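Only one chain is shown below, in structure tokens, and it's the form predicted alone.
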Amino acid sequence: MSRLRVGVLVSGRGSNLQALIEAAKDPLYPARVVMVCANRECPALEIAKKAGISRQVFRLAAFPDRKARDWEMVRKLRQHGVELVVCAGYDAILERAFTREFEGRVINIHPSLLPEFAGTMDAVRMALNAGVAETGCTIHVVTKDVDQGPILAQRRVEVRPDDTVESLRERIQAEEHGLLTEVVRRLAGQPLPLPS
């Protein structure tokens, strides 16, 4: 079986990366992570290292500008034959050059029920402050417009009266892990690129 080759962009702990790595331990899972790119040193890189996955840090300070940095990531992902890019807690907006090069082949996981609380890394706190009864997570196709691409899947999470940002984030992330592995499984069985 030929597995979909996945590149993952990270900036933080890497729990969604870990979920994909765990899923790929099943020989019948139709995708595997072949490259991890980070925009800073972060715990997710250690997860990639332990799993024997190629990884590289692309610090903005090492490049003339964001476009040059993103082009280098494109080059590295192409070298590894990446067919699908997953933004998993990646906290930088991708340059148009990147999204054009992988058009219809980049997905993002966002910790809200888009279109609510789009365009921010602080969506969990915003949901809590807004007093909503539920929030959740969304996986969408990345386009040139931040958090505006076609929605592939969502999961709802109840907001409890005693929730803190940390407790709510933890429950949302637990849903993200299952949702992400499910969506990647589904995408592995259909032709890319996705409509954007």
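As the structure is a prediction and not an experimental result, all values here were calculated from the model. The first residue of the sequence shown is number 1, and the count goes up from there.
The same protein also has a form predicted in complex with a small molecule, omitted here; what follows describes it.
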Exactly one of 109, 106, 77, 94 has a non-hydrogen atom within 4.5 Å of the small molecule in the predicted bound form; which residue is it?
-> 109
Is residue 185 one of the residues lying within 4.5 Å of the small molecule in the predicted bound form, judged by heavy atom distances?
-> no
Wondering, does residue 181 line up within 4.5 Å of the small molecule in the predicted bound form on heavy atoms?
-> no
Residue 85: heavy atom within 4.5 Å of the small molecule in the predicted bound form?
-> no
